[in-house]
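The chain below stands alone, shown as structure tokens; this is the form predicted alone.
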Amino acid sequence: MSAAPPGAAPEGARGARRQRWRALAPPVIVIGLALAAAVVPGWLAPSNPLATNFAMRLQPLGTVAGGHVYWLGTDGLGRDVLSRLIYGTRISILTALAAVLGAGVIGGAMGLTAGFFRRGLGAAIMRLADTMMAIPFLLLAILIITELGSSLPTTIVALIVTTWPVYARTAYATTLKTIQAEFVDAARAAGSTTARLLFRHVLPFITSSLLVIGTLQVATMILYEAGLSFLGLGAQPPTPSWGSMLADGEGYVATAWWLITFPGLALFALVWAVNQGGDYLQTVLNPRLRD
């Protein structure tokens, strides 16, 4: 049996890496554009997203008027759809990131505590998490927003309250597994305090799991925010958001198709890109999923 050429394995590995990066390039580009739109929308938007012009209402794509090009047309109030789409990116991304960060910190802390103190406090925390997960997301979100009022901060609070149990259950399972490891027993025997055991020896093991879940949850939070805004429970007019743009265009499906098409495509593209990035991150952080 002849031996493989010396450079075959490294070349095969390089080819696999190039193929992986080519597959990852489209979602990275989409996420990069979305982040740019969220951070500096004023540099990208051709006009003020709140400016109304009733004389230009429901104009089709590429309409030119007064030296201005409406690349994606105008809505029912004569506002530039492209500008509103760009500014709406900020609402979607900031809401999703804030909700994921808040739910991850709260859920991670609750799961870590529950896993370390399994009886009493830990059992109560996990029963609370199970109860929260049994309540439909939309019902709980509507109850919270009804009590606190419709606004963007309220939407973030509702998303945090409804999703922290996902992180808590993951942190709980990882903590239970980690505290049985020999190095934790050794640290306990050496006189480590409870706080040191939790934050020095256990927390690093649950961080990667929470990071993967958080990345995937960003896409879910974007969809949830769009759904709440579509129902009028998220960002309030005239603030542009993709969900509210879909709601505004619902009555013009037959006459102004662009009002729902482009927010829908933007929502699809960003959710797809974030999911692709989350899958890649999960592969990197979980050795069992690597080729």
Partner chain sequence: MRFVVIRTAQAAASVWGAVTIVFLALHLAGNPAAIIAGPTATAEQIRLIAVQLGLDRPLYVQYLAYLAHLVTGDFGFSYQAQQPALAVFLSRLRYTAALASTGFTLALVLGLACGLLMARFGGVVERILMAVVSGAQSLPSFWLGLLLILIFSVTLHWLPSSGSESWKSMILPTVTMASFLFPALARITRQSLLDELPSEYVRTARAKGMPDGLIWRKHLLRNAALPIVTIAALQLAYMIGGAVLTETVFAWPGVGQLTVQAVQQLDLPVVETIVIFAAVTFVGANLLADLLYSVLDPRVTFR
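Residue numbers count along the first chain shown, from 1. Since the structure is predicted, the reported quantities are computational estimates derived from the model, not experimental observations.
What comes next is about the form predicted in complex with its partner chain, which does not appear here.
Considering its partner chain in the model of the complex, the lone stretch of 99-107, 138-146, 84-92, 117-125 in range is 138-146 [heavy atom distance within 4.5 Å]. Among heavy atoms of Ala195, none comes within 4.5 Å of its partner chain in the model of the complex. Though the partner is left out of this view, Leu223 does reach within 4.5 Å of its partner chain in the model of the complex, counting heavy atoms only. Looking at Gln180, you'd find every heavy atom of it more than 4.5 angstroms from its partner chain in the model of the complex.
A residue is said to contact a partner when one of its heavy atoms sits within 4.5 Å of a partner heavy atom; Trp43 fails this definition for its partner chain in the model of the complex, lying far away.
Checked against its partner chain in the model of the complex, the candidates Ala38, Ile31, Ile260, Leu58 yield a single residue with a heavy atom inside 4.5 Å, and that residue is Ile260.
For the stretch 250-277, the set of residues having any non-hydrogen atom within 4.5 angstroms of its partner chain in the model of the complex comprises Glu250, Val253, Ala254, Trp257, Ile260, Thr261, Gly264, Leu265, Leu267, Phe268, Val271, Trp272, Asn275, Gln276, in sequence order.
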